[in-house]
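So this first bit is one chain, no partners, the form predicted alone, shown in structure tokens.
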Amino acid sequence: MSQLAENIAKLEGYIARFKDTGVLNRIAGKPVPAKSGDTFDNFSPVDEEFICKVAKGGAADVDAAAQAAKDAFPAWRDMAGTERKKILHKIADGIVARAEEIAFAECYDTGQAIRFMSKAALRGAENFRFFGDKAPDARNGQQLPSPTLMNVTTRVPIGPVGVITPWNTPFMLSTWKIAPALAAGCTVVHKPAEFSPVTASILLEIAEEAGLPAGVWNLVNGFGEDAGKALTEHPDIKAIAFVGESQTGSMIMKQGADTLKRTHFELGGKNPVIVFDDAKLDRALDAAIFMIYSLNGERCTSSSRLLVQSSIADEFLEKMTKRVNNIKVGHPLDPSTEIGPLIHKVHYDKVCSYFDIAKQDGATIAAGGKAKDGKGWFVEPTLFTGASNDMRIAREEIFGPVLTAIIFDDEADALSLANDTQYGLTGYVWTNDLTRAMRFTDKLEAGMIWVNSENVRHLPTPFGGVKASGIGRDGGDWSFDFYMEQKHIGFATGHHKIPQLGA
């Protein structure tokens, strides 16, 4: 039996129960259908086969989940941080124990290749361990004496929060948002993306088996216009953490305005990778290819614009074209697969539309530019050359395995092109000139920048973007800045003079 056939056989065992029971909501520790009784069907992008029915939550379900989170909040808030740490570490242990199940389900539900998803569950466990370790110190503050007062600060959890996660790497991103919320002492209502609901259910099941009290974390499946809108408008939900499209983030901000809801947005990007002629070109080539074609190009930090210096452009693009044409597209559970299918027909149609747009704009399709025949939402990895920064393929987030190459002449030209976008999530700079790297990164409009490297995450560092790419930062104490309120208490150290009125 081939490795692919063996993996498919394992997959059937992992998802069989969902075919029988469907994916339910989970409120106050109990799996429950939508109050309306409505469901929607979930299909795999791999072969368009039916996976399971999913509870279609709405306002009534969100209200029940928010009430459960509100009821559970005082006890979870007041639990010692050392006890929350133990529970979060047990969740991490549970994730590791079921890592293969999570990875296989994620591959079939999203189309992501197993070579990447096999590590996603372990990264999720790492998130819970990292923030679990921070839980005992989450409320720590500062001592700020003044001449008459001993001023101290502390942090307190903001309350029940809503977490809305996307479909591209849903398991890992759910842990990235929910782990710090729980470590801070918040309770959670989670709405996963409707295109990829399976692993969210597994994750909450693991958490409750690890001893997380009922109601601390609740799950409502459904669509953005129903469950999502109800969550962002609910008065008992004090904050919304959202990962997704910039346009949706804008909509959420409007929906939360009436309740003055705090928001944290990790949104879209049209991220540049800038390759100067003095860079180590083989490494730059590897990194540029990895950061756009891994994860099917469905990642917010993908380097979807290649800015390459004119003196090396021909040779660099020739090598890149050969590499892109050699990328293996196939079943995501095949260990040799590098690109799997796109998440859904709606997204597949969007990505494919840019093949004609590129031609209309006058760009050249140097590699790919076609859908793959047969079942599933597969497209060829694609490279556009001969592009300019005013083309739609250079300005709009395609969110697929599609790279737009643009040639620049000098440093000033490169900086102008890199910043000429509504987005500002990440940037990647390749040069061996240290002073240039310092100048360039200082002026590059992005929340995160890597020099001579692909995106390598370090959990204590801040993660987030500027401009239309987001508001706020995740990682380290930056996560607690969102999920917690700062509190100041001033203690008088003597009998200082108090002005007397009406004496």
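Numbering starts at 1 and runs along the sequence shown. Keep in mind it's a predicted model, so treat the numbers as computed, not measured.
There is another form of the same protein, the form predicted together with a small molecule; it is not shown, and what comes next is about it.
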Fill in the blank from the handout: Exactly one of Phe378, Trp167, Phe116, Phe73 comes within 4.5 Å of the small molecule in the model of the complex through a heavy atom, and that residue is Trp167
Exercise for the section: Just give me the single entry in Asp361, Asp236, Glu338, Glu397 that has a non-hydrogen atom within 4.5 angstroms of the small molecule in the model of the complex. Expected result: Glu397
Exercise for the section: Quick one: find which of 352 to 360, 127 to 135, 404 to 412, 168 to 176 has residues within 4.5 Å of the small molecule in the model of the complex by heavy atom distance. Expected result: 168 to 176
Problem - Residue contact check: Pro145 to the small molecule in the model of the complex, 4.5 Å heavy atom - result: no
Exercise for the section: Determine whether any heavy atom of Pro192 comes within 4.5 Å of a heavy atom of the small molecule in the model of the complex, and answer yes or no. Expected result: yes
Problem - Any non-hydrogen atom of Gly159 within 4.5 angstroms of the small molecule in the model of the complex - result: no
Problem - Residue contact check: Phe463 to the small molecule in the model of the complex, 4.5 Å heavy atom - result: yes
